[in-house]
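Following this are structure 1 and structure 2, which are two forms of one protein chain, each written alone as structure tokens.
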Structure 1
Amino acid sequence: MKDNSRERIHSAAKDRLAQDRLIVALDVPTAAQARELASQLSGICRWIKVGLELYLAAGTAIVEELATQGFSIFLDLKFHDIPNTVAGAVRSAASMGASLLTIHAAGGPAMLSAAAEAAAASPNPPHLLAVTVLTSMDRQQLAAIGIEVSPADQVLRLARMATASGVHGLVCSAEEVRLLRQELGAAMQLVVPGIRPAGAEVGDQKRIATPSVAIRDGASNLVVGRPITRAGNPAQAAQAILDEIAGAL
């Protein structure tokens, strides 16, 4: 095979891998806005995250619609309830076509195991991601709810407990991803929000990293919202991030 065709195949494979790594957070208030963005990103991005804002506005229908269009869906509703209720919620989310779901690690091992069993028994089992300590919580906020350790110590404790209970991965900030990768090994799925390309507006995010730094530190997937959804040209913004990810792989 000629060197340049080998290079082309190699770079096409990297582009596909980059598409698997990028999750676009579709944080918009209406189904119409979600549809418009999805049509601009179709063929460029593979993963869409539906969070509370869009889900509460547009419900199951928008999740099913985006899944039918071929997007893989991360349904980020952060379940936290008794084990029986969370297991039922996981079954419902799996049946609407979500491939990734979030649950709060603080729900404890019984809740996490019930969720993992419900996911595994679904016809199309979704991956469960545990949220450890919300990035909005600092040492003071933790102390106020009776947790007298540092956020990093609490993240590690919950991460170990959640992975022992059968979840497939964790949501963490770029600041913790290197430590969690070292502690939990190569197979653990680590999903990192708070991603900002160099020069992008930071907004309300605090613990941020560029796409290439987060990938090099061990992130499996990057969650990117406003740098894509509020860009003048969302497709172009997404492609630039995909190129940066591909360059870091």
Structure 2
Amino acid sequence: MKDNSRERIHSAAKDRLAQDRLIVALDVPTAAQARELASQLSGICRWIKVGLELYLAAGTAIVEELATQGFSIFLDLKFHDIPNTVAGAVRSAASMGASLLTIHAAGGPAMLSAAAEAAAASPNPPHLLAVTVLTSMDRQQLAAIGIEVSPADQVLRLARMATASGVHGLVCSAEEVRLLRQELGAAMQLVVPGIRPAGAEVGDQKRIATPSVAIRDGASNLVVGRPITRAGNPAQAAQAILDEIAGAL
């Protein structure tokens, strides 16, 4: 009986850890669709990502509404502007209740430092994530914008710069997460989009992985959108991914 009790406790702990790891991307065009999905995922998922599509359709109100419902909010607007403008945007985002916030590492050291200082000075500081190389980009796409190195080399360069500028979280693809974990250590938060369960459609993503592979390679959090939000049963799809994450922990 004691062994069964320990197994149940261990299993419950892994389930809670899995909930901390999964971020569901509500990349939908209306507040009504976001509310419907949030309702279906309530009690199953903890983290919700609000990106450009939903934010431009529904504004600050949807961020505050989802936070009030108990979700932790990842506001993925990928700020990239002059340092003063980005610092102001970080302060505004912090006031909405966002827990995670993205900025582009390509904005450079001055912008990254200004963002980090603005976040730290906020009453409820969001955790900043520097976006390295988008998961839709491969070597050919990088070459088209004048970057003649591999995605992994560019990711590592931007990651080191972000860390030196006071940003201690990164967005990277699953192809680079093992390298970054080895280079930057256990404390760095590595958030990985482009996650596709085995057999799922790839869509416009180029550098992808399954949930279990990304977790085993060192990902802190996984961002999953269409495999959940476009599933016939989003709650069931989310639970299947949570189970896979738990199995990989």
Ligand code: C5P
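Because the structure is predicted, anything quoted here is derived from the model rather than measured. Numbering for residues begins at 1 and runs along the sequence of structure 1. C-alpha atoms forming the largest set that superposes within 1.5 Å between two forms make up the rigid core.
Matching the description of the form predicted alone is structure 2; structure 1 comes from elsewhere. Relative to the superposed rigid core, the position of the CA of residue 151 differs between the two structures by 2 Å or more.
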